[in-house]
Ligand code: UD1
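Here you get one chain, nothing else, as structure tokens; it is the form predicted on its own.
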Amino acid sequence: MEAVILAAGKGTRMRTELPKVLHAALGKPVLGYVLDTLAEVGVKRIFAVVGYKAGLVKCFLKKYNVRPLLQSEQKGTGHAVIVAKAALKGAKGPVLVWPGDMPLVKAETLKKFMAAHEKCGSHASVLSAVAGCPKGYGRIVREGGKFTAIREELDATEEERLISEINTGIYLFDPKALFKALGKIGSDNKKGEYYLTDTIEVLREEGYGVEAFPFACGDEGLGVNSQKDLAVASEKISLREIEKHMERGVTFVAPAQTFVAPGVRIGAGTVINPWCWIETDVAIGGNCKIGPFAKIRAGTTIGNMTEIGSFVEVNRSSVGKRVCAKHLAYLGDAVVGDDVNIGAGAVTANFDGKNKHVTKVGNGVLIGSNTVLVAPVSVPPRVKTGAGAVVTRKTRMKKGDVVVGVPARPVSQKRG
């Protein structure tokens, strides 16, 4: 199987200069979700038709094994697929066509669609969905229950606009039938474009088999065409991830007020309080408490029974077991040992204006309120810092010391 991703459009309704498919949902461009799902179902030979600001899209595609194909002038979805004709020469299996602005289609839905297409032996299959509000989508037209055409909303009759079964824009084609039909479609429509949807009627009229499978459920048919669509997609992706974690024993106090990206691991027994933001590539241990209002950024690992509380941000850091950072702290590029207490207002000053540096905090350390750890710095085990201390790499510390002041220095501990 080979796939053609349609990623040439500007997305005028997004009201930005960024190509539509590069707008991010929870930190990842919507095109990335499409490509990740294709990888999950095993499609390896992928082409992406690019156009508007093609250089930016090509740059993103470099991290995937995807070949870009330039559509220098955007004349519709049918014309976009024609651009891929030479690249698909000699294709033996079916060709999957997928708009690059549809991030919500699940891998299991795609697999079901592929299996149904293979089983029925049709020359063209469409993945459809039944929508509560079909406005804005092409309608699946059936006669006597048999799929006959796809009608774009602008060209649909009033009767056809009442149809609730919609076209997701995802197709499987026999390549020879596809390009034969593309050679016969025109642009006699309200947009003056070459619609890929018109190939269905051409194929049916010439005796080819066409089918529509309503396997996509609700949200999966969403295309990101506006900022509102992008917000909805981000919310749906987060809730899907949260549901997966809840099934594994993670408590979310307010799922709708919490944001979790794909690629996060959370141990059973952990409680995530409202208004937390958890980016991809984060691992949180079991029986932890996170938030409210915590931000856990990519590249972070958090050990078991650790508490990351209100208005605490952790970025690219390793935090050990039984650590307590309950409020108003920043840990960036830090390696924090076990049984450490991070006082309110404590920060790791990891950036010197040119480079990021690492802060190391040993086991059992007590970091006082408003302490600044100026990286690169290493704090030995069981050290205590006084409130407002500024600890630098020049601060002389040994295990168990108490350091105070600006700059911080060790003080003797008098016994009563």
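Keep in mind it's a predicted model, so treat the numbers as computed, not measured. One rule holds for the numbers: they count along the sequence shown, beginning at 1.
One more form of this protein, predicted together with this ligand, exists but is not displayed; see below.
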Checked Ala294, Val323, Val210, Met102 for heavy atoms within 4.5 Å of this ligand in the predicted bound form; positive is Met102
Pick from Gln74, Gln257, Thr251, Ser226: which residue has any heavy atom within 4.5 angstroms of this ligand in the predicted bound form? Gln74
Any non-hydrogen atom of Thr197 within 4.5 angstroms of this ligand in the predicted bound form: yes
My question is simply whether Thr306 lines the interface with this ligand in the predicted bound form - judged by any non-hydrogen atom within 4.5 Å. no
Arg240 versus this ligand, in the predicted bound form: is there a non-hydrogen atom within 4.5 Å? no
Using a 4.5 Å heavy atom cut-off, state whether Lys191 contacts this ligand in the predicted bound form. yes
Heavy atoms, 4.5 Å, this ligand in the predicted bound form: which of 259-267, 135-143, 113-121, 174-182 makes the cut? Say which one. 135-143
This ligand in the predicted bound form: within 4.5 Å of a heavy atom of each of Leu6, Val21 and Asn167? yes
Pick out the residues of 143-162 whose heavy atoms come within 4.5 Å of this ligand in the predicted bound form. Ile150, Glu152
